[in-house]
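Before any questions on how it binds or moves, here is one chain, the form predicted alone, in structure tokens.
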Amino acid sequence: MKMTPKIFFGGSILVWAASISIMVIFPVISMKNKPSEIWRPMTEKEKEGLKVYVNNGCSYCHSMYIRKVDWGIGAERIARPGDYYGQEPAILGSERTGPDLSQEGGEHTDDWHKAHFINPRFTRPMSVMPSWEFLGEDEIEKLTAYIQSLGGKDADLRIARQKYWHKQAIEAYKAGPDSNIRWLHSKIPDGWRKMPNPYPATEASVSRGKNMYMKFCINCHGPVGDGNGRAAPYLNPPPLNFTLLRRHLEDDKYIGGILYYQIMNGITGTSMPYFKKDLESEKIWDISNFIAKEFIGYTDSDTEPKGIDASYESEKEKE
């Protein structure tokens, strides 16, 4: 077929029309479904927060939908058209420079979000997200309200859980550092409280733990583990002071399992998030080794009770 100006322009129009149909028309039609089981109408403050989200281009780095192929990022729910019922504009995004936000509501506390928006490095030291401090406190509150609504009724349940435990965490903190630590430890299952770190605190393990601590923990818990990181002024209750844990060891022996459980599962109601979706098991044990050795001054690593050593642990390492 000979290319002529008429064919060229006609074909261009067809390609343009197909693109518009796929990227605009069909998605708009799909958004007219009935509300899903988790949908609820947004409050006025949440709607204002959506405007802040849209106007500042948050969708350029964050998606707002989970597909079946996304289980690897720790997804809890596959997105459905009804989740976005009545939302205009429905900015779903296609980039994941940052995490997907479709179920972000209730994953963190409001004060964590405030510190995060003021400077993302306060809560995620390796983040490439820009600071949004210029928005001002009022706009940040609106943006936080919108983010906390993502996930609809499921998010509301998580928010309620955060508020329930936040009240108890504040009361425990006000009772003093020793009472606070006893309260925190009492919420850890007995099996974890009596579990030592199964991996030796070798030079490699402690170095890996330090690396992970610098990437995830330092700006809350501080360079010396005293809870005075850069995010601390925005967080209530403030981050845990690891240097106080030495006198709270279980039977003056166990600390590894306690640290692992709290790093893995977070402390709901406080700004301490869970890291089970970010860190593999050994990295959490390595962080535990680093904290125990550097800040607590005691490590129960590779002590009884123990099982079969991992295949890569050499006898030389353990000496």
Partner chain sequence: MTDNFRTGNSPNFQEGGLRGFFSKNSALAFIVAGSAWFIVGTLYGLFSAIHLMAPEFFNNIPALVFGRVRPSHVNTVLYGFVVTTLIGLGMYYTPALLKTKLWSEPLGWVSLFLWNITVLSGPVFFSMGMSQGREYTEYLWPFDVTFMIAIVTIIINLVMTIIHRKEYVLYVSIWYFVASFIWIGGSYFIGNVMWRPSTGALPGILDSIFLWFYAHALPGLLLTPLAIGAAYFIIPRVTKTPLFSHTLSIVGFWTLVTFYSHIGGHHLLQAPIPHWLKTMSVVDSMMMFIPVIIVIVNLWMTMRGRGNLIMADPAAKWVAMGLIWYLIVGAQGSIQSIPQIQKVTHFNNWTVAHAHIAVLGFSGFIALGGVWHVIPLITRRKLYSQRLANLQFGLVMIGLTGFFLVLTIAGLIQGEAWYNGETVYRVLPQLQPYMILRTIFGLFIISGALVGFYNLIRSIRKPKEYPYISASHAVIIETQKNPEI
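Here the structure is a predicted model, which means the values were calculated and not measured. Residue numbers count along the first chain shown, from 1. For clarity, a rigid core is taken as the largest C-alpha set superposing within 1.5 Å between two forms.
There is another form of this protein, the form predicted in complex with the partner chain, and it is not shown here; the text below is about that form.
ask   = Out of Asp278, Glu250, Glu294, Glu48, which one falls within 4.5 Å of the partner chain in the model of the complex, going by heavy atoms?
value = Residue within 4.5 Å of the partner: Asp278.
ask   = Which listed residue (Pro200, Pro196, Pro238, Pro81) meets the criterion of a heavy atom within 4.5 Å of the partner chain in the model of the complex?
value = The residue in contact is Pro81.
task = Establish, in the model of the complex, whether Met23, Gly57 and Trp71 all lie within 4.5 Å of the partner chain, using non-hydrogen atoms for the distance.
result = The answer is yes: all three residues contact the partner (heavy atom, 4.5 Å cut-off).
ask   = Where does the partner chain sit in the model of the complex: which of 101-109, 188-196, 213-221, 151-159, heavy atoms within 4.5 Å?
value = In short, 213-221.
query = Taking 4.5 angstroms as the cut-off for heavy atoms, does Ala310 touch the partner chain in the model of the complex?
reply = Ala310: no contact with the partner chain in the model of the complex.
ask   = Using heavy atoms and a 4.5 Å limit, would one call Gly176 a contact residue for the partner chain in the model of the complex?
value = The answer is no: Gly176 has no heavy atom within 4.5 Å of the partner chain.
The partner chain contact at Tyr298 in the model of the complex, heavy atom, 4.5 Å = Judged by the heavy-atom cut-off of 4.5 Å, Tyr298 is well away from the partner chain in the model of the complex.
ask   = Looking at the partner-bound form in the model of the complex, is Cys61 within 4.5 Å of the partner chain by any heavy atom?
value = Result yes; Cys61 sits at the interface with the partner chain in the model of the complex.
key: Residues within 4.5 Å of the partner chain in the model of the complex, restricted to 122-136 and counted by heavy atom   = Arg124, Pro125, Met126, Ser127, Val128, Met129, Pro130, Ser131, Trp132, Glu133, Phe134, Leu135, in sequence order.
key: Rigid-core frame, C-alpha of Phe9, shift of 2 angstroms or more between this form and the one not shown   = Comparing the forms between this form and the one not shown, which are aligned on their rigid core, Phe9 does shift its C-alpha by 2 Å or more.
message = Assuming the CA distance changes by 3 angstroms or more, are Ser19 and Pro99 closer together or farther apart in the model of the complex compared with the shown structure?
response = They are farther apart; the C-alpha distance rises by 3 Å or more in the model of the complex.
ask   = Would one find the Cα atoms of Ser19 and Tyr65 closer or farther in the model of the complex than in this form, where their distance changes by 3 Å or more?
value = More distant in the model of the complex, by 3 Å or more.
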